[in-house]
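Coming up is one lone chain in structure tokens, specifically the form predicted alone.
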């Protein structure tokens, strides 16, 4: 039984264990005991909105026939901390080390495919798109496509809209914001992604545990601050599947607190949390 300030509901050890099992089964996210308060805070809102009297009743519904509530559970549990050009060294490396050799390649195939796996509210894929547009400014004939996915359907909708308050652009130059996120008439405190950026990106809701519809190959994959929520076995499976969607030499960027030690031997370290697919 939970203790502390008065609560609308109790969350027993057994109920928390059931919720952890459901979350792991459907998302691959392994919730630790330290996440108990987070789970209570976020899911008690769902119980109130559904008019339920207990977490046991909620678990029973989730364990029954498939319903849209599984997506609501996912949306409630996932954390979406992001910003434009977060871990900026990855974007600098993309512009300075990844793209130039492709542009100089003898076959000059002029094709580029990038995947942002765990795109959250869109700041990462738009940062990638800006980097690509600026680095390939003189190569307008390139065939460039960026896939952006996330398990949370609500953040994908936000990302697709591409509209942000001006305070979200902290760290970006005023010229860059004006160029790529112009303000709509009468809304000076809002910036909306330009059609030029949006044309590069396809947004989709995707659970990484489920079958992937895309076939690749991807030249670059950003999977940053995603696998920290998975156990080692799930991480191994995930990166093995990603490696299968890349040719030797393909790039993988992961989060600053993540690494592939004892997880994957398919990639070689090529910088700060930057890897290349091995032969």
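Positions refer to the first chain, counted from 1. This one's a predicted model, so the numbers in the text were calculated from it and none came from an experiment.
The form predicted in complex with a small molecule is left out here; the points below concern that form.
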In the predicted bound form, which of the listed residues (239, 229, 40, 218) lies with a heavy atom within 4.5 Å of the small molecule? 229
In this chain shown alone, the residue from 183, 160, 207, 199 with a heavy atom within 4.5 Å of the small molecule in the predicted bound form is 207
Here the chain appears without its partner; judged in the predicted bound form, the stretch of 40-48, 229-237, 243-251, 54-62 with heavy atoms within 4.5 Å of the small molecule is 229-237
The small molecule contact at residue 151 in the predicted bound form, heavy atom, 4.5 Å: yes
The small molecule contact at residue 138 in the predicted bound form, heavy atom, 4.5 Å: no
Counting only non-hydrogen atoms and a 4.5 angstroms cut-off, does residue 178 reach the small molecule in the predicted bound form? no
Answer for residue 93 alone: is it within 4.5 Å of the small molecule in the predicted bound form, judged on heavy atom distances? no
